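Only one chain is shown below, in structure tokens, and it's the form predicted on its own.
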């Protein structure tokens, strides 16, 4: 049986963002490098493919209630890559608030330094407050952000492909290190960017760093079909997940790619313990930390429902929802996933918030190690995903429990690797080495 990939989110205190309130929790662990290093070693011992961290380049608007994303993911995950040997790192970076040359260089260099374990999770940033941090008077609209993202990734991938494999000759007798005719400028002139290139170094061990994309809007889906190696996605129902994976594969094929060359990684919030009883006890503890009134207001806003129309325990039916996902929804993917759940039957805001791990949006999976393994296996075998990004409900507990209790069961069933079978992250994910032809418009250096 062909197995699936597993990534672990190291978001702290967990995907229940208010878990810092629990008596045993350290409220400052999200700033503690020793804490994160321990998580990385646990993940590598379990043969996890990669660790992941979401991010936004601004202080989040709920800081009065819970920690934000915290440390810069490039700094943090770069450190975790340095203390591990095989563990991949998926680092979130914004196409709206970065330059393509700088990002291309940083991630190509990281791919060399990590010997092929680098991945970039490209986002367009849905946080309006980020604009003021980068000298903008307003946050660009979604369509503009995705036009920029398409051009951004076009530039980045062309920069990564700028050196021919045989560009370095290292001919000591002739004193000729490289053949400039095999190193190409891109001379890009577009709507958003003007970039000459090339990068100072050749491609890393993966050819290109792995490109991860997360976005459920039409712009995000089009971006994924064209550029993504892995699509990080959300689904509350199995049917929704299967349909999403099928759609992404169709989009990849329409872009001239093989459907198997793009993988879906389904986010799932995991709360796991040695017994179901213990898991259910901890579930109630986490529910008790939630500011239910504020989360209800946020949920209604994301669904396009008027503020105050529904209380936490008032059922919402499919007929109550607007016909389409509202343009002002923070996440089209989360809104669509929640709508699919409501379509199965009326749900109260409290039920939706709890099922979505306190507003995280991803499906909450609670149970014993065997129950969690059974669930992941059933979704995988139904064609819902090529793998999973496991998002611990409470990181200090659930990451270790998943690694030590669930992973061995998956390995016994042949669903997950017992050892790192390939030295690069791209190889472990079953992704081919990129071999695109150089664009006809490039110019050689000499």
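Quick caveat: nothing in here was measured; it's all calculated off a predicted structure. Positions refer to the first chain, counted from 1.
As for the form predicted together with a further copy of the same chain, it is not shown, yet the points below apply to it.
Contact with a further copy of the same chain in the model of the complex, defined as any heavy atom within 4.5 Å, is confined among 191 to 199, 245 to 253, 312 to 320, 276 to 284 to 191 to 199. Of the listed positions (102, 293, 344, 138), a single one reaches within 4.5 angstroms of a further copy of the same chain by any non-hydrogen atom in the model of the complex, namely 102. Just one of 146, 334, 74, 227 comes within 4.5 Å of a further copy of the same chain in the model of the complex, counting any heavy atom, and that one is 74. Residue 109 belongs to the set of residues with a heavy atom inside 4.5 Å of a further copy of the same chain in the model of the complex. The closest non-hydrogen atom of residue 307 lies beyond 4.5 Å of a further copy of the same chain in the model of the complex. For the chain shown alone, residue 56 is a contact residue for a further copy of the same chain in the model of the complex, at least one non-hydrogen atom being within 4.5 angstroms. In the model of the complex, residue 65 approaches a further copy of the same chain with a heavy atom inside 4.5 Å. Contact with a further copy of the same chain in the model of the complex holds for none of 166, 366 and 416, as no heavy atom of theirs lies within 4.5 Å.
For the partner-free chain shown, 163, 168, 170, 171, 172, 173, 174, 175, 176, 177, 178, 180, 183 of 161 to 183 come within 4.5 angstroms of a further copy of the same chain in the model of the complex, judged by any non-hydrogen atom.
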